[in-house]
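Before any questions on binding or motion, here is one chain by itself as structure tokens, the form predicted on its own.
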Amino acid sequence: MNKFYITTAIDYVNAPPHIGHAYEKIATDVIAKHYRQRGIPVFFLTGTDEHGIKIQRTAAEKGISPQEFCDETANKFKEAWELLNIKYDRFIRTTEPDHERVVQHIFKTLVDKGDIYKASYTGLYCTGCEAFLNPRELTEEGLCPNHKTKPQEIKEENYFFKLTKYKDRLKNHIKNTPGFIMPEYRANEVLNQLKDVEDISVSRSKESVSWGIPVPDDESQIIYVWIDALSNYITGAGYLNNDELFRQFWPADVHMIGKDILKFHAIYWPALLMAMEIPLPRTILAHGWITIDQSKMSKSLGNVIAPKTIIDAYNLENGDPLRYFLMTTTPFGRDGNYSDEEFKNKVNADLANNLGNLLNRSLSMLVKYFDGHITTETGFSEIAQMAESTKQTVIEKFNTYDLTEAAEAIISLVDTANKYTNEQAPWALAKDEATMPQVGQVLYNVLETMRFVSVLIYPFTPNIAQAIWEQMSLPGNVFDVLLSELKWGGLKQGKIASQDTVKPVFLRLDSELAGEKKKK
């Protein structure tokens, strides 16, 4: 692999970010950080989706222009991702001039090719989805299955994309390309949707929607917001604007998306790329939703939680605990759940009691018995073998984007080191001068394991990983260490700790996340 291009869905700016948005961005960032550890050039794209009727209406309600509203909300997303240590290479906004140029180029190219045509249309439009829905997609009550609202019947003369022209080719690609849609069980869902596929409207009358990219050579029409949004993936990679970047990184290796927008990404987007004769993305990775106390997040229920709310409520120094919790509590692709109790219990058990306590007591013993000096360099032991095999397991799990299992393997290594420490009981061995070399050997093995752990866990908890690295006085930064260079025996003889430097890398969470009513 000579490059790795990963994208998130771009977030609709009608509302500020919540932990559902954060889940996707954290997962993408974790994968990007891991692939950077492999020494592979990575390009990580995220951003905001800023056109459509909902933006137009919300801005009007606030008495500001749509662009002012988009600017305000896009900044909220940027601030949230900075708080969570999400390091993207580009934050794309669909109101940017280079993106408008790409979208209009796609539209005009497909009109000239005959793949986009104009026709009258009557359809059911869900404003929440910003999409026309097939009657077969509605609930028995005639409602949108996602938003539980009745779609509006719209009669317009619009432009249509010949999606049916690419139906068989797309079906064959899905069937014959393992890993194109992940998890694999989602592929059958898409194939079932393909059975009923029709040509799709790719524009709206300007009388209905004025906030969007104009159709080239027809000022009476606005390009459909989903065609606009999906095209961000090639704009972000330099299409039409940076040929060198586009040649290096396209096709995308992973489109990370929510399961509710799989149809747009696994049917509409590949068909558009086929029509444009642009290579298809390698993998469309659909994740589940995050519920709150087993209930779907909803404004009406008042259970929408922003990442900053959790970080502030627990007085956290950074977003590592939330990153860790969201990545480790749910098999990837399935729905996950957030609750105060689960959050506190999980991060206290794994990060404070297990990982943090092991490092703290090991360094404390090193200071007590050897004045903070590593006195030996170990031979190959069973724990060394497990450290090496854990590294390989983590790599294999990331190959299939099993983030939860990768994290479990790392914590399992910490468990093994804790068990090894308890079995060897260096505090008991230290009572006899004759066994002091053995004490030094045990502490070396544990601390060298912690060096491995700091590198492996870095994508999940970058701040905690760096804190471990610094407490052990290791050279440089943990994020500069390539996995290919991570080999047993890297911890060298010499002083690495003192009484003043040994402190917990993660403190237990004892505060409660609660609204004012609960606090009273």
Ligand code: MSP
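These figures come from a predicted structure and were not determined experimentally. Heads up: residue numbers just count along the shown sequence, starting at 1.
Although it is not shown, the form predicted in complex with the ligand is what the next lines describe.
Engineer: Contact with the ligand in the predicted complex for Gly258, defined as at least one heavy atom pair within 4.5 Å: yes or no?
Structural biologist: Yes - in the predicted complex, heavy atoms of Gly258 and the ligand come within 4.5 Å of each other.
Engineer: Does Leu83 reach the ligand in the predicted complex, with heavy atoms at most 4.5 Å apart?
Structural biologist: Heavy-atom contact with the ligand at 4.5 Å: absent for Leu83.
Engineer: Taking any heavy atom pair closer than or equal to 4.5 Å as contact, tell me whether Asp49 reaches the ligand in the predicted complex.
Structural biologist: Result yes; Asp49 sits at the interface with the ligand in the predicted complex.
Engineer: Heavy atoms within 4.5 Å of the ligand in the predicted complex: does Trp289 have any?
Structural biologist: Trp289: yes, in contact with the ligand in the predicted complex.
Engineer: Tell me, which of Asn445, Asn232, Thr421, Thr95 has a heavy atom within 4.5 angstroms of the ligand in the predicted complex?
Structural biologist: Partner contact (heavy atom, 4.5 Å) among the options: Asn232.
Engineer: Scan Val505, Ile10, Leu509, Ala497 and let me know which has any heavy atom within 4.5 Å of the ligand in the predicted complex.
Structural biologist: Of the listed residues, the single hit is Ile10.
Engineer: Would His21, Glu24 and His265 all count as contacting the ligand in the predicted complex, using a 4.5 Å heavy atom cut-off?
Structural biologist: Verified in the predicted complex; spot residues all in contact, yes.
Engineer: Which is the contacting stretch out of 149 to 157, 338 to 346, 172 to 180, 280 to 288, given heavy atoms within 4.5 Å of the ligand in the predicted complex?
Structural biologist: This holds for exactly one stretch, 280 to 288.
Engineer: Just give me the residues of 175 to 199, first to last, that have a heavy atom within 4.5 Å of the ligand in the predicted complex.
Structural biologist: Heavy-atom contacts within 4.5 Å come from no residue here.
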